[in-house]
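One chain comes next, on its own, written as structure tokens: the form predicted alone.
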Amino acid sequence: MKLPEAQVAVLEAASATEAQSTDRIAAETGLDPATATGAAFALDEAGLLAVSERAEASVTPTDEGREYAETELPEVRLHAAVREVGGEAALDSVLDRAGLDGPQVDVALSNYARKGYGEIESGNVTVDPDADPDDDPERTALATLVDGGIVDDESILDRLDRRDLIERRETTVRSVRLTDEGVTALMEGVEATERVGQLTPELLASGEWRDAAFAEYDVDADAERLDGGGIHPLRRTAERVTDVLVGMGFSEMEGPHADAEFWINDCLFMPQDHPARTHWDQFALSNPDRVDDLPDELVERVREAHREGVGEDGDGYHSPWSADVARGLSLRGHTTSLSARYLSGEAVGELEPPERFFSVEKVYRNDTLDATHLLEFFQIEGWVMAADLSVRDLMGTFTEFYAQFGITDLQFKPTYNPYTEPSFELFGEHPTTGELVEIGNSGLFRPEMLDPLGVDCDVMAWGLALERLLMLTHGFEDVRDVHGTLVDLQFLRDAEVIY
């Protein structure tokens, strides 16, 4: 009997009296495990081997589980710290004594009372004198697993699993055993033949393909799934936005993510005592904490606009204005800082109308995370410089832009911005919930902003939310479904391109 080399090796390594795993067969024959498994299935189909399968579960501690096995569970550390000070203490002080901070504090507090270690009430923590951490089954089970032991109590494993202290895996173990036909074949003699795996130019040119024995492929056989890389749906949407705006005649802007308060806020006629400029909205940097190379003449013109206003009837804020505040370094809370750099001529030189510019870049805000807010997100910045612009021009631009994404039900609402007048917000209807979702803010830049920058014509501008555009095109109800730690990886693999 003639068989491929791999099948001969597996057949000769198999036993008629003892079932052997394919991994063991692979080790003995020096074959790749996948090759050995494939050969075993082929021999099984030929009746020479019997392949059996069984599911085998394994439990291994996570990195966090190993850390707690070495340093004790947070609730155990809290219990020990309270006992050391007499069985009752203020919660803040005893947390420090236990060396607990960050997420470990929540872990300790949530498990302390659950396990009967004591009570936490009104900022104080007490110890139950009958509680003994040495008898804690979670603690014991975790230590056993770290030492390579086995834990059979499923309820304990369930609790450790919910705490992400262990990782459960289920693997398929395949074993092979020689059949009577296989034994007969070996006794009669099995000859290895070289099988050709693929047709090559050399085989075609030499004519050897005519006599070659080609390997057979079982297209129904199990195979490992390999998920290749792909472009994230949010990135695809950003690229589509770029294509649309370039097609509408816009040029792209770029600039620093960390910038001076001068470019982020002062140039936008944002008063230095405005609440949005506190740490509640922006992320201030500390090393370095300032930018020194600001254009002196422009700084003076911006300061004058803030203090006294622009024009004969202009009236500034009359509030304190400091160059030191303007030099403060922060992560940009909007990409309008790029607009200020370009309109002032600092980025690409003096511009002559008409001009159109845009950017699709990341911004950073100290917001509360929810279904429509993240700490960092992408903003679609854009502006048009031309004579005699109006709100109708701005609305028409949005109508044309969003129509490219199938969004034709835009609604507009007047709003206030320190740097635009008139100003309005944009809303679109969510395709799933039917609710109106705010998707952007816009307006015509005020003279108090444009005059110091040296711009003597109208400029209409906007900041649109890329993630919310994605919500309207794909039907997401929570922006955290799109990216971040809670994203569905299967969605990223299967998401269709939607324009």
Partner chain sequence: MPVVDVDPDELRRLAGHEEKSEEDLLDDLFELGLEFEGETEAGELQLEFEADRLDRLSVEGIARSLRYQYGDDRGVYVPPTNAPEWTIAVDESVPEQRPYVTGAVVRGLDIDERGLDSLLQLQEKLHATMGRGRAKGAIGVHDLAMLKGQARKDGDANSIAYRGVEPNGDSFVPLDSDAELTPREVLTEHPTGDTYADLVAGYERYPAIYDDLGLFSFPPVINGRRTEVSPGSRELLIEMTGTDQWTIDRMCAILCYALSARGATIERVTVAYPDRELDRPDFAVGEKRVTHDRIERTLGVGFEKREVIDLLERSGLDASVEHDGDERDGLDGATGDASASADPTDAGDLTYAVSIPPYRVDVLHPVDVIDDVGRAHGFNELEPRYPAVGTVGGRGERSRHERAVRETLVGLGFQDLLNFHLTSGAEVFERMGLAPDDSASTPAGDPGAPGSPLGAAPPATIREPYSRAYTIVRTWALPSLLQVLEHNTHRSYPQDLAEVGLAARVDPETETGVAERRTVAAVLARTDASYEDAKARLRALARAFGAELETPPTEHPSFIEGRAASVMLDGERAGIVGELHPRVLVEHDLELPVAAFECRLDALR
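Residue numbers count along the first chain shown, from 1. Because the structure is predicted, anything quoted here is derived from the model rather than measured.
The same protein also exists as the form predicted in complex with the partner chain; that form is not shown, yet it is the one meant from here on.
Annotated contacts: D227, H232 and R392 all touch the partner chain in the model of the complex [non-hydrogen atom within 4.5 angstroms]. Although the partner is absent here, Q411 is a contact residue: one of its heavy atoms lies within 4.5 angstroms of the partner chain in the model of the complex. Remark: P133 does not count among the residues lining the partner chain in the model of the complex, judged by a heavy atom distance of 4.5 Å or less. Shown alone here, S251 lies within 4.5 Å of the partner chain in the model of the complex, counting heavy atoms only.
By the criterion of a heavy atom within 4.5 Å, D44 is excluded from the residues contacting the partner chain in the model of the complex. For the partner chain in the model of the complex, the listed stretch (181-189, 80-88, 115-123, 420-428) containing residues with heavy atoms inside 4.5 Å is 420-428. With the partner omitted here, the residue from D128, E72, E167, D367 that has a non-hydrogen atom within 4.5 angstroms of the partner chain in the model of the complex is D367. Only one of V299, A215, V107, L329 lies close to the partner chain in the model of the complex, with a heavy atom inside 4.5 Å, and it is L329. Along 297-314, these residues reach a heavy atom to within 4.5 Å of the partner chain in the model of the complex: V310, E312, D313, G314.
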